[in-house]
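First, one chain by itself in structure tokens, the form predicted on its own.
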Amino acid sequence: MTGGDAAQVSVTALIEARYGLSPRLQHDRLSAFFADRSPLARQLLADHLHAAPESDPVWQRLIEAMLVHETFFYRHNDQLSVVARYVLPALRQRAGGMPLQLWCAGCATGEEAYTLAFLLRDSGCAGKILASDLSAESVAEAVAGKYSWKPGLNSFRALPEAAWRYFEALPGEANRWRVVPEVRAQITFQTHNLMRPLTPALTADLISCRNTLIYFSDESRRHAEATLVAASKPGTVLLLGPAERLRYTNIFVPMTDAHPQILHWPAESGA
């Protein structure tokens, strides 16, 4: 193994330890990040990363290069339809008129979080949403709430016609739309590493963590799942992506056999 290869292996382990990202999923992106550097430069980079805090600009550039940012409004709408028709009304009844608290973990550029806000409004539910992501760049885009329509893959490709009422065209910007202010006001965006507890602490009625755990290594998922549990309570509903399941907690159980990725912490189980 060359010095450059050893440096990449070292950084791979460090990324997994700090952020939980699976070495298998890191490999190609990290290789590209290291590609134009000499073996000495790779080792110097590795040494710098081991010593630097996560706020360091080099760490920020590296993590942005590791992440998948692509998403769209109303992703996995079959699941969301169940949430809108059954889950949100049940949570509203359980809350007794109090506003619901939702957490969108791994929100990327915001489309998932805004979709939850649309569902709240369509269901007549009052509520606030915390949306978080490891990518500071994605969070900044989400806060702006501006999205482009273009042929093919784009943020609007699954948007129901009725949901266009939650957007306003941006003057002077062709095919650019922004989420309306009243919806943006429902959401607080922040950067967050799922390997650590939320700060400030949150107890959510519903947590959406879809297509996020698939990027974690097996051992790191223990920490991520603990973070989700810490933000929950009896009655909390948890949404996972179609290919995801929990491995280290049995607190959450599927609500129905038809939708095993819609889970809840049974209220009767107690705190």
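Only a predicted model underlies this, so the values are computations on that prediction, with no experimental measurement involved. The first residue of the sequence shown is number 1, and the count goes up from there.
Just so you know, the form predicted together with a small molecule exists too; it's not on screen, but the next bit is about it.
Participant: Where, among 39-47, 229-237, 208-216, 53-61, do residues come within 4.5 Å of the small molecule in the predicted complex by heavy atom distance?
Facilitator: Result of the contact check: 208-216.
Participant: Taking 4.5 Å between heavy atoms as the contact cutoff, choose which of Val179, Ile187, Leu119, Leu134 touches the small molecule in the predicted complex.
Facilitator: Going through each option in turn, the one that passes is Leu134.
Participant: Would Ile262 count as a contact of the small molecule in the predicted complex, using a 4.5 angstroms cut-off between non-hydrogen atoms?
Facilitator: So Ile262 does not count as contacting the small molecule.
Participant: At the 4.5 Å heavy atom threshold, is Asn77 in contact with the small molecule in the predicted complex?
Facilitator: Asn77: no contact with the small molecule in the predicted complex.
Participant: Under a 4.5 Å heavy atom criterion, is Ala65 part of the interface with the small molecule in the predicted complex?
Facilitator: Although the small molecule is absent here, Ala65 would stay clear of it in the predicted complex, with no heavy atoms inside 4.5 Å.
Participant: When the contact criterion is heavy atoms within 4.5 Å, does Phe252 count as touching the small molecule in the predicted complex?
Facilitator: Although the small molecule is absent here, Phe252 would stay clear of it in the predicted complex, with no heavy atoms inside 4.5 Å.
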